[in-house]
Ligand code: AMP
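One chain is shown next in structure tokens, namely the form predicted on its own.
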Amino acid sequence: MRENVLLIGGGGREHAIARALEDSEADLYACAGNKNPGIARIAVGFETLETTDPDAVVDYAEEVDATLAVIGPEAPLDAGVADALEDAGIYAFGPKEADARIETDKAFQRRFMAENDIPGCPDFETFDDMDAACEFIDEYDGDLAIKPAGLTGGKGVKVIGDQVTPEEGKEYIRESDYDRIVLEERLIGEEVTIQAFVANGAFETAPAVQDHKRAYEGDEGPNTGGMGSYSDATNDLPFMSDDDYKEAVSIIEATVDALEDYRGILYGQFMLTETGPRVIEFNARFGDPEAMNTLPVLETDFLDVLTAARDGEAPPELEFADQATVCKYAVPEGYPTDPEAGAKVQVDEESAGDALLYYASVDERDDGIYTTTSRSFAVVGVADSIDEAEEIAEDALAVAGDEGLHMRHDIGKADLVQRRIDHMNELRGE
């Protein structure tokens, strides 16, 4: 039986999901607030609509006789789209609104971890009184991460001792319009993402990925939605041990056990510290860009994951190619603080060479594709080593050029990876 799969969302992550379903026994339909040209070329139908409007999503799902749905971004999860689809008799691979709180409410996330004795939780306090939060900063012995409790697209966190001083941190809190924030101990180490495919109380994990949030090379500048990422040809990254990976997976296991009815992707972002992995945060969906590292090397049919989840089964054992990946985003000049839209995208899926091209937020016109004010497109190299994958991604960026665009060319380069290795060796006293 062919499935009619509805993909919800229009970014680079969703383009990767669409590609993962392209050769499956499924007809793909998609809906998003923006028309992604890459997804539109794969999908049988594409509807532009507000994906945080559950009624609009359900109406389109029923119109195309969807038998399954995949929810890409966090905002529709927060809006209860998975709940609405289930009420309409359509299985959605993505958590219901209550379970999505593991991402959408950081105060809930930390309390949930503490109440369920989930390992890896940092010291934290939650505040709805901003003056009290500022007093806590004055009294705390050490540096703190300042996190808005709600969704901020990965751009709301400020870290005292790294990005801001204590005084600047307090000023940020006072001048923001956040109604709740979380203050938690600053974790020192290297960040690692492990994504779990979860269904019916069981899960399978993907290889570890390292994302790069800072806008500029050398990990400088403001936080972004993610400028690029890399994975290795094994489950681990070059600065990790197999035990590090297993310990992080054990934290995911404890979380899945506590989230009794969770289904979809559970994304664990960890700080690999001198004492092992600690949880920076959980997300309730694929990462963007991490989906573009994970799905191209997934050899198991992603449709089999979806149908198993719907049919009450555990996810199938996942097979991944023994290859490394490097993903690099091209963003509009000035992103994220003052982005300038309107640059023509000079690379397409054919001229990208051996790289995979994933469109994100772009404007397709009669004479070509142009940038908007959000991340524009990503190129991904897949090869036997990180070095080779990085070269493939760089070759594609060279075709794209840099007129009106900004990229981080250092992601995946040997010297950046070596700095990660040296940093962990220093922390561990090796």
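Because the structure is a prediction, the values reported are computed rather than measured. For every residue, the number given is its place in the sequence shown, counted from 1.
There is also a form predicted in complex with the ligand; it is not shown, and the following applies to it.
A.B. asks: Quick check: do 186, 223 and 281 each get a heavy atom within 4.5 Å of the ligand in the predicted complex?
C.D. replies: Looking in the predicted complex, the three residues 186, 223 and 281 all sit within 4.5 Å of the ligand (heavy atoms).
A.B. asks: So in the predicted complex, is the ligand close enough to residue 145 to count as touching (4.5 Å, heavy atoms)?
C.D. replies: Residue 145 belongs to the contact set for the ligand.
A.B. asks: So in the predicted complex, is the ligand close enough to residue 157 to count as touching (4.5 Å, heavy atoms)?
C.D. replies: Yes, residue 157 is a contact residue.
A.B. asks: With the partner left out of view, is residue 219 within 4.5 angstroms of the ligand in the predicted complex by any non-hydrogen atom?
C.D. replies: No, residue 219 stays farther than 4.5 Å from the ligand in the predicted complex.
A.B. asks: Is there a heavy atom of residue 170 no more than 4.5 Å from a heavy atom of the ligand in the predicted complex?
C.D. replies: No, residue 170 sits far enough from the ligand in the predicted complex that none of its heavy atoms falls within 4.5 Å.
A.B. asks: Choose one stretch from 318-326, 125-133, 273-281, 232-240: the one whose residues place a heavy atom within 4.5 angstroms of the ligand in the predicted complex.
C.D. replies: That would be 273-281.
A.B. asks: Heavy atom within 4.5 Å of the ligand in the predicted complex: which of 111, 213, 180, 101 fits that? Just give me the one.
C.D. replies: None of the others qualify; the residue that does is 213.
A.B. asks: Tell me, which of 346, 269, 200, 300 has a heavy atom within 4.5 angstroms of the ligand in the predicted complex?
C.D. replies: Looking at 346, 269, 200, 300 one by one, just 269 meets the 4.5 Å heavy-atom criterion.
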